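Below, in structure tokens: the form predicted alone, a single chain.
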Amino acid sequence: MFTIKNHLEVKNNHLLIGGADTTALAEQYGTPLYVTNETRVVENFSAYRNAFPKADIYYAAKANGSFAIMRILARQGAGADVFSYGELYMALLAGIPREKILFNGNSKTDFELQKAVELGVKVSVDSKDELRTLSEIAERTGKAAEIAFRVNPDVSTPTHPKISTGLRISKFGIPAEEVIDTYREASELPGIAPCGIHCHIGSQILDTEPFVEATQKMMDLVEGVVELGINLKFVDMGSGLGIPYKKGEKTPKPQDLANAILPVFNDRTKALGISPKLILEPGRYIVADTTLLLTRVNTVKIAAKNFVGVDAGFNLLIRPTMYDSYHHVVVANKASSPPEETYTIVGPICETGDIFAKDRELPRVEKGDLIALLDTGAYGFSMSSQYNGRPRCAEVLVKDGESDVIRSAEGIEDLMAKQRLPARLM
């Protein structure tokens, strides 16, 4: 047996995850199939907790909304960064305490704001319009709304433009130069209790320097807010730490991030005579490499390229289509066999962009082989759809060689579950 990547091993030419043989999992549960290693989820969360022992780690629920994963992380002491009432509901149901939840988002509905106030969940306010709405709701319900403002710090990050969230042109956050005046207004509004400050600069960032720049800019703003007489209980620096999707890719670890930003945070808070809680919001780092997507080969076609057609499409994993992202490919039933040909892995969706991997050197691929797409735990199933009339697949959780279904596969009936015909079409 040898290790192929992190918690993935090869035994008897088969790929194993969490001690479970992927070929056996595919036979038992069918394909396509998402498989997550519970032990790896805990390891990744622990890496953050150990690097930042005095901080609170809020899991970014958008990365993977699996209820089982939220439950695992709740038991590890995680908080949650949520972006909808649905994510808030699941976080609470999973056992994450309301005082360790931050309701984030740039366009919350009045209903969502009211639920946050009623449940006593902190809100990251994204605009003055939202602030005033929240004040009206708080006054009407007779409850105080604890808030932070999400700051747009104008920090450029070397990542895909669609996941860079801290640029001046981003839809997220209040421009840094307006933040102090916005806190001043908030402190005078009924029902509003400013208690924190928040930013998030992007995702899949492979360098610590943008985080240092963001921390410095945020601490400048913290100084201004403190001068207003506002007691900041927390400073939420978001997250965005990337993972090595490509084999051999060098990426910072949570300890590297801690070494980079904690000296700035600690020195500045000490100089100000304050002791706010530091909050971080990792999502991708915690779940991305915990999971793989198993998909069966339907056909091999020799044309302009050697096309391998599989039974998963971008309805299940849209990242390569949306972001041109890279996912390592393993022929799971030939995991230690040497490469023989160059293949392009494609799905069955009626779109030219339904391509998972281009020009990969793999063992000879045949109909019936099992392909594993690695590092699919973040923004994989959570961004899935029923496009082209394709039901979503099952999710399985493995630990020490044992497996459990944590989400059942949809059937054809699920395509029709919420549809209705008007009487005139009967």
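Note that the structure is a prediction, hence the values are computed from the model and not measured. For every residue, the number given is its place in the sequence shown, counted from 1.
Here the subject shifts to the form predicted together with a small molecule, a form of this protein not shown in this document.
Asks: Under a 4.5 angstroms heavy atom criterion, identify the one residue in 40, 360, 399, 62 near the small molecule in the predicted complex.
Replies: Answer to the contact question: 62.
Asks: Considering non-hydrogen atoms and a 4.5 Å limit, which listed residue (347, 194, 153, 282) is close to the small molecule in the predicted complex?
Replies: Selected option: 282.
Asks: Should residue 34 be counted as a contact of the small molecule in the predicted complex, where contact means heavy atoms within 4.5 Å?
Replies: Looking in the predicted complex, residue contacts with the small molecule do not include residue 34, since no heavy atom lies within 4.5 Å.
Asks: Closest heavy atom of residue 321 to the small molecule in the predicted complex, within 4.5 Å or not?
Replies: Taking the distances in the predicted complex, the answer for residue 321 is no, it never comes within 4.5 Å of the small molecule.
Asks: Even though the small molecule is not shown here, does residue 289 get within 4.5 Å of it in the predicted complex, heavy atoms only?
Replies: No.
Asks: At the 4.5 Å heavy atom threshold, is residue 383 in contact with the small molecule in the predicted complex?
Replies: Residue 383: contacts the small molecule in the predicted complex.
Asks: Report the stretch among 88-96, 67-75, 180-188, 203-211 that approaches the small molecule in the predicted complex to within 4.5 Å, counting heavy atoms only.
Replies: Comparing against the small molecule in the predicted complex, the contact stretch is 203-211.
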